[in-house]
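Before any questions on binding or motion, here is one chain by itself as structure tokens, the form predicted alone.
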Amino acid sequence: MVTVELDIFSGRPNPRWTLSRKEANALAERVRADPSLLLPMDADTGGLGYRGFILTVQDTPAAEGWMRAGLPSRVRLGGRFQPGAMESSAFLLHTAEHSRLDLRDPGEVLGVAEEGITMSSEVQGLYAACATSYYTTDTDFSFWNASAYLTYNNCYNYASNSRTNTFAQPGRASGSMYSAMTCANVGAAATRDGWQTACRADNNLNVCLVIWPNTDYHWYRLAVNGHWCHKPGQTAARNYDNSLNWITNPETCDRGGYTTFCGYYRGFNLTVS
């Protein structure tokens, strides 16, 4: 028997379900093809929210494929820092859909996990800038903070290095804006504007997206000296976080209510509106 535990809760027990014999054998085949999918139980797979899966295997006919391969009886798979496990993680999440989970709203919990799996391909721990990057000043924001521009340009304008005076929105220039305040939805809208997760061959603006769950989004941009800067809405562009500290790591800085870190994007000479 192979039991799957979705590692997602902090205070209450995680949701669990059992794989069918067919599902267990399919998972074993995936792992045999790529043993790096499996992680030790003490591996760091993320903080609050989605942290991958915990697999517990008992020697029964349903787990014959797993046991025959000599795979561990208790192990982790997936999580925030294992982008290579995205497909296998999505497979495991799919197996929960026909299970009776002890949850008031299974769809909401599984949706959060699905978003975490998608974003795991973009968030890979400590950030490394592209080899060819376009850096702007981390102290002189007069281009953005003059009275003629201050209230008409937002964080997305600043991230795109494009002063349009339109309070730019992800996806509007491409004709398809975001429709939900989630990492996946806002991120997809940004990619329609030309942002991408891989480094470009020429210049790269290095930015990242964070979300105030179900409420708002925010963008940061990497400037000189390894400092990240941003422009909160109609207020002045700046180089410090909510605690008035220089931003050297947007993943750990004080972001107030924007608690969901989505991932990094690259682009240059983008068209936003």
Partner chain sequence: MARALWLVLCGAGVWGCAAGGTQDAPTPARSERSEVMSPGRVSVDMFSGREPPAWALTTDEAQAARELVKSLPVGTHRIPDVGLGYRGFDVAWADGAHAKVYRDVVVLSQGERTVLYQDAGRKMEQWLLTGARSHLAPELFVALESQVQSP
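Every value quoted in this text rests on a predicted model; they were computed, and no experiment measured them. Residue numbers count along the first chain shown, from 1.
There is another form of this protein, the form predicted in complex with the partner chain, and it is not shown here; the text below is about that form.
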- Okay, which stretch from 86 to 94, 103 to 111, 187 to 195, 153 to 161 lines the partner chain in the predicted complex, with non-hydrogen atoms inside 4.5 Å? 153 to 161
- Query: Hey, in the predicted complex, is residue 36 touching the partner chain, heavy atoms inside 4.5 Å?
  - Reply: no
- Task: Verify the contact flag for residue 230: yes if a non-hydrogen atom of it lies within 4.5 Å of a non-hydrogen atom of the partner chain in the predicted complex, no if not.
- Result: yes
- Message: My question is simply whether residue 17 lines the interface with the partner chain in the predicted complex - judged by any non-hydrogen atom within 4.5 Å.
- Response: no
- Could you confirm whether residue 181 comes within 4.5 Å of the partner chain in the predicted complex, counting heavy atoms only? yes
- Task: Find the only residue in 136, 73, 133, 99 having a heavy atom within 4.5 Å of the partner chain in the predicted complex.
- Result: 136
- Mind listing which residues of 237 to 265 have a heavy atom within 4.5 Å of the partner chain in the predicted complex? 238, 240, 242, 255, 258
